[in-house]
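Before any questions on how it binds or moves, here is one chain, the form predicted alone, in structure tokens.
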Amino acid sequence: MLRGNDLATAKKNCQSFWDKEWIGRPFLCVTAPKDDYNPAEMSYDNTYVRRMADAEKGDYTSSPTEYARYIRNIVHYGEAMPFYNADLCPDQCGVFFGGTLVGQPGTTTSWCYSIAEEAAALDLTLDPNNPTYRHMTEGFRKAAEIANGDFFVSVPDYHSNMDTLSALLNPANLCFELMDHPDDVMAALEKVNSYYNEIYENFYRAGNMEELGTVGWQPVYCSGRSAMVQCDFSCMISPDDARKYVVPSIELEVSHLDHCCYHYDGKQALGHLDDILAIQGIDAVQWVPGDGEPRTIEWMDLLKKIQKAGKSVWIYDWTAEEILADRELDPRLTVFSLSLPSQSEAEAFMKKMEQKY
């Protein structure tokens, strides 16, 4: 049993989330270890570097097989869905276009190392035989076979558009290029953007998402195409440049999706907030204040502004007590992710939420 409530009801509630419909409480993605969990099956290395090392050895089954064992010991409540992350690198789109994939043994995250200083020097042709692209595609296929419908293979964390150019040039060089060769940057960006649909559809098919639907970093299940959209590089440019390079790119990606959530990372990017909130196809926003900043609960005015614009907010860092005490956010436009230490605590929390509303 992976669920603490009915799967059909959970999927119906997820559609209500996208439709901004009231289900009688906020949307909740709550997980906890089962009371009778097997400790031997709870050790699971889900790091990028582990998956990268496995892929380089041609091993596409060890990690998802371990996840299948692990997830048998986790119970899901509310709208939570089990999903496996098969990504190989946060900046994997940069690697698809020729960037160098690097991950050191003993660390957790792999990276795309830059390969040029000028946008005009980049060959932005997607090669289906790119090793990382092939490894990831096969990894998605094998994971979907192992899942066999028991869990989802997560939609990739693409880091597309300007984030891809930032990975290939490094952020500082891309800033210089925006000043020195803006036309070259625009040409490179348009080339990268032209492949978004092809890349998305490749992993959509490989992960059996056409049959099962999509879920992933954005935690809410979608029966069609969904993804997290973002541009972390936007924190380094002006609102005018964001309107020129970032907003049209996000609009293009959103047009390919049925639903999506925007990953809003860092207060340095808040100068673009109104422009991002004006994008019709964005359904929800995940606000990430950044290292050293107060948690999201301290940004209530910002969260309310997002909701006032008709977008839902995804809250991932509140405690159970804070969620139960909340009286400020619009529950119709809020999804809380919460991991609790035991099944009994998760059940008690769900009961309290039902009683509150």
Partner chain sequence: MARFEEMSLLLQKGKAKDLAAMVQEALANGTPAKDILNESLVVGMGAVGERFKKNEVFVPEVLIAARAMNMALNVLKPALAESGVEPVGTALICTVKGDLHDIGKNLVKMMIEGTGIRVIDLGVDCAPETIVAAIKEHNADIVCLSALLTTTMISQKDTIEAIKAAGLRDKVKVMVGGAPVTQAFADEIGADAYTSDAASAAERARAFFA
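Numbering follows the first chain given and starts at 1. Being a predicted model, the structure only gives us computed values, none of them experimental.
Just so it is clear, the following notes concern the form predicted together with its partner chain, a form of the same protein that is not shown.
J.: Of 148, 125, 104, 129, which residue is found within 4.5 angstroms of its partner chain in the predicted complex when only non-hydrogen atoms are counted?
T.: Contact residue from the list: 104.
J.: Heavy atom within 4.5 Å of its partner chain in the predicted complex: which of 197, 238, 100, 223 fits that? Just give me the one.
T.: If I apply the 4.5 Å criterion carefully, the residue I get is 238.
J.: Name the stretch: of 140-148, 80-88, 172-180, 245-253, exactly one has residues whose heavy atoms fall within 4.5 Å of its partner chain in the predicted complex.
T.: Result for this chain: 172-180.
J.: Give a yes/no on whether residue 36 approaches its partner chain to within 4.5 Å in the predicted complex, heavy atoms considered.
T.: Taking the distances in the predicted complex, the answer for residue 36 is no, it never comes within 4.5 Å of its partner chain.
J.: Report whether the minimum heavy atom distance between residue 268 and its partner chain in the predicted complex is within 4.5 Å.
T.: Answer yes; at least one heavy atom of residue 268 falls within 4.5 Å of its partner chain in the predicted complex.
J.: Given that the partner is absent here, does residue 321 sit within 4.5 Å of its partner chain in the predicted complex, heavy atoms only?
T.: Residue 321: no, not in contact with its partner chain in the predicted complex.
J.: Considering only heavy atoms, tell me if residue 291 and its partner chain come within 4.5 Å of each other in the predicted complex.
T.: Yes, contact at 4.5 Å.
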